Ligand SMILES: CC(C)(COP(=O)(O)OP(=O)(O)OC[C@H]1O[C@@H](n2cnc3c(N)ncnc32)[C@H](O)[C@@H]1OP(=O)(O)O)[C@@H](O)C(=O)NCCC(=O)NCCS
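In structure tokens, the next block holds one chain alone, the form predicted alone.
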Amino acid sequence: MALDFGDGYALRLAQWTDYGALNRVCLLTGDSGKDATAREDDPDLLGLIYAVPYQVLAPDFAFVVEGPGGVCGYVLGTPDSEGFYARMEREWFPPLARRLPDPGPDESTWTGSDWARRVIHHPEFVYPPVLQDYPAHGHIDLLEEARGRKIGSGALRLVMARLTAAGVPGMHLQVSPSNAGALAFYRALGFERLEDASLPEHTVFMAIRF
């Protein structure tokens, strides 16, 4: 156990046996922190893109929040975004792509999880020079039962401490511009919004120097 939050909630390193739970939490928070079940036809793809690979490729920085009823959140990180993305493209996505159809480039024909299938077949990683002063990145998602207990801040601080101990100078995160709660959460932890023409406009990048 890495942290005990009380009331039956604790943080621990994620294991391969948690893959189903990681997929579930990712789906239930996949719409800017809300349940994305209604829009997805494959309940596992969100997690297979944004959660499970962190336990596989950066296991020392992948944690789950265990509650009285099981896993109810995670905080995931990697100290080396460039290396992580290279391994994702080389090792992680090709086996997934072999078992999934490519829906093609015409977004007007996409339904359900076609957007995710397209990402798996044609991954695009955002890592321009402005982010390279913050080479670590990560994700944090909590189900409703785990919110409001200071679990998120405690868990992310632990991951940031591990990254700092590993010699990483900074970290960045992507946030939906419509997720006001998440933006306020990161600001409270010392993250600041990055503004640069090289960054995509549909998402917000928050960054912090250690």
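Owing to the predicted nature of the structure, the values given are computational and were not obtained by experimental measurement. Residue numbers run from 1 along the displayed sequence.
Same protein, other form: the form predicted in complex with this ligand, not shown, and the subject of what follows.
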item: Stretch from 159-167, 52-60, 172-180, 39-47 whose residues place a heavy atom within 4.5 Å of this ligand in the model of the complex; value: 172-180
item: Ile151 within 4.5 Å of this ligand in the model of the complex, heavy atoms; value: yes
item: Non-hydrogen atom contact Phe191 with this ligand in the model of the complex at 4.5 angstroms; value: no
item: Contact test in the model of the complex: Leu100 vs this ligand, heavy atoms, 4.5 Å; value: no
item: Interface membership of Leu27, this ligand in the model of the complex, 4.5 Å heavy atom rule; value: no
item: In the model of the complex: members of 119-149 within 4.5 Å of this ligand, any heavy atom; value: Ile140, Asp141, Leu142, Ala146, Arg147, Gly148, Arg149
